[in-house]
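First, one chain by itself: the form predicted alone, in structure tokens.
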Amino acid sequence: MSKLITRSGSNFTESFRPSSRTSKTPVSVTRDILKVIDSPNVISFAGGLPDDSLFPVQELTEIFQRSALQKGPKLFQYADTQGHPDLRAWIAERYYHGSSPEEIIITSASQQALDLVSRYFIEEGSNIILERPSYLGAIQVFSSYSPNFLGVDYDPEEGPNTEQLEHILRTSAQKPKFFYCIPDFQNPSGGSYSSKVREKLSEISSSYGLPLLEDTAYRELSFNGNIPISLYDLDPERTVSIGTFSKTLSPGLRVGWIRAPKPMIQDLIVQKQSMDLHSPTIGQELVFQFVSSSKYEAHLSKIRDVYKRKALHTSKCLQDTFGSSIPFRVPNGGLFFWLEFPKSIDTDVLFRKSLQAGLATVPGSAFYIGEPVRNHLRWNFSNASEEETEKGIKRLFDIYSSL
């Protein structure tokens, strides 16, 4: 076995030689936010954090105690890579009509799901299609596999521009591997696809043989209870669907899933084995016992009501403070407002000045592939209190007015 020998006193770069993948993963603005986030003077509207007062701590504690007594050491042992059989069956029945537990794999939340799908599809230089804007966590994961990004414009009222999508598919010399999309209460814009766009996407997927990578992270967070038809329901053969319990139950449990055709699932199982063998058994057991109980629907109803109230309060504060100077739409679900400033305002500058003033947000440029649009800002409304929201929006207005 060869051994790396370094001179005494040599610096880090002479000894540690990272792979090219580390440099291909873009640095997120999260790094700048985390430097100051624990300061008592900072109010954060940056992360997509649920309201932690809504976590069912008492119920999960009781489930853990009961499961530990009933299952004993087995609950703490290695387990099947594909994941908790009963939880997979519950996911298949609730979200994927006509599917089976064998078409589900449990992942360590949706971030690992994105990484597994990237491993499966992306080779260096592969064409993949994303919305503009899109989820920055997905952009980070995909970037580490060195794809060629192709973007389609996104309208929060309708969804992606399907004419642009078809043009890409007609003119690309290399067939795109997939179209990654967030049809429901999109991160960052909070918008949802119209029924017309969903049906058109299904037609395009069928005509061009384009896999749809559907991210359903916010699908359950509809304030009016009206959840449109999923892309899976329209085109189950070509839709790979990922989901998570991070937004509806607890992000700390790190439980998500992928629904895909069985041959793909078998390949993903092998890839996941090489990553972490399996997701933590305890987390899967806690999730299954809670979501399969009568308490889950009541829990969902509660968090929808709270987030709807917070969204309306945020809307009122924005209207009272900014008036008509910045357009925004009130989301019907999800966790975010997408604020549009005049084109003369660079929200990267606004972001940096806000951090200095004790306010954390995310500039819109972080959510774009290719040439970024720099006059938007994502505002998370789910975690802060009403008092913090009022104070934060006033602080944002003062900084904006000073530019």
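None of the values given here were measured: they were computed from a predicted structure. So that there is no doubt, residue numbering starts at 1 and follows the sequence shown.
Absent from the display: the form predicted together with another copy of the chain. The rest refers to it.
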| said: in the predicted complex, does each of S19, P261 and L286 have a heavy atom within 4.5 Å of another copy of the chain? | reply: yes
| task | Answer for S324 alone: is it within 4.5 Å of another copy of the chain in the predicted complex, judged on heavy atom distances? | result | no
| field | another copy of the chain contact in the predicted complex: R198, any heavy atom under 4.5 Å | value | no
| query | Though only this chain appears here, would V141 touch another copy of the chain in the predicted complex if you measure heavy atom gaps against 4.5 Å? | reply | yes
| task | Could you confirm whether K310 comes within 4.5 Å of another copy of the chain in the predicted complex, counting heavy atoms only? | result | no
| message | Using a 4.5 Å heavy atom cut-off, which of 287 to 295, 201 to 209, 315 to 323, 188 to 196 contacts another copy of the chain in the predicted complex? | response | 201 to 209
| Interface residue in the predicted complex among A92, L150, I303, I122, criterion: non-hydrogen atom within 4.5 angstroms of another copy of the chain | I122
| field | another copy of the chain: the contacting residue among S230, S99, S222, S108 in the predicted complex [heavy atom, 4.5 Å] | value | S108
| Out of 275 to 300, which residues reach within 4.5 Å of another copy of the chain in the predicted complex, heavy atoms considered? | M275, D276, L277, H278, S279, P280, T281, I282, L286
